[in-house]
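What follows is one chain in structure tokens, specifically the form predicted alone.
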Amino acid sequence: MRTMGKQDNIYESGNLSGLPFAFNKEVTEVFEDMIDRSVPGYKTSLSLISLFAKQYYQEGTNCYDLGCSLGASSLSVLKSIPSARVIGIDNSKAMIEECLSRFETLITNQSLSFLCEDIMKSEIRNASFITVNYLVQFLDLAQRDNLFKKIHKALLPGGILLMSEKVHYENSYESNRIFKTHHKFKSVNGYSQLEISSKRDSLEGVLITESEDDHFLRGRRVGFERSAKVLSNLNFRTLIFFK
């Protein structure tokens, strides 16, 4: 398996193009560094994927990594369940092309497959474990219930959805406090003030967060039996939904 390890300096000179954030080739090349330096608890969330996949995987079923980006979550599943059938789906051509290159051996062995598709149109079935990491926040609000319905329908009884997301707080004081702390987190990890503000500007209107309760309510609306918070780091959450 090959990794890139290129450092994220996309916004070193600011957002000169003024374009909104996109999962293009430029972002793909630095994505691992970007998410590691921007998302507190990211590596822990990957460890939780391995843990819960091992606990809830049902033999002969499918595992899905929706919005798979560079396949880190898919690999986390296979680390704990080498016999699992894992399907990663993402609509970024650059991300999928990189996955096909770096996971060539696992793909050849038919343990892993990657599809460049719109997850709202993809076929998802016979699943016991589905992971969705930092994806829902990039969907239109109107699509989010439909995605949850689709996931709930695809899961077998006893199956789970494990989701990681950036959230916001309804309380303005708490929201501002966490915002400043997250800002410091990125600064400590080597991002300049210009890089932080430029990336934030590029994400405006592209990344739309909801509250933790919004996600729990959505899960209940579509029929999940119960749900729980399993990881909290600043304004990032990992939530589990049980069918």
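Counting begins at 1, following the sequence as shown. Treat the numbers as computed from the prediction; the structure is a model and nothing was measured.
Keep in mind that the form predicted in complex with a small molecule is missing from the display, and what follows is about it.
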* Asked: If contact means any heavy atom within 4.5 Å, which of 84-92, 102-110, 169-177, 154-162 contacts the small molecule in the predicted complex?
  -> 84-92
* Decide whether S128 counts as a contact residue for the small molecule in the predicted complex under a heavy atom distance cut-off of 4.5 Å. => no
* **Heavy atom of I124 within 4.5 Å of the small molecule in the predicted complex** => no
* Is V30 close enough to the small molecule in the predicted complex to count, meaning some heavy atom within 4.5 Å? -> no
* Would you please decide whether E117 lies within 4.5 angstroms of the small molecule in the predicted complex, comparing each non-hydrogen atom pair? => yes
* Do all of F23, L46 and C68 end up near the small molecule in the predicted complex, with near meaning a heavy atom within 4.5 Å? -> yes
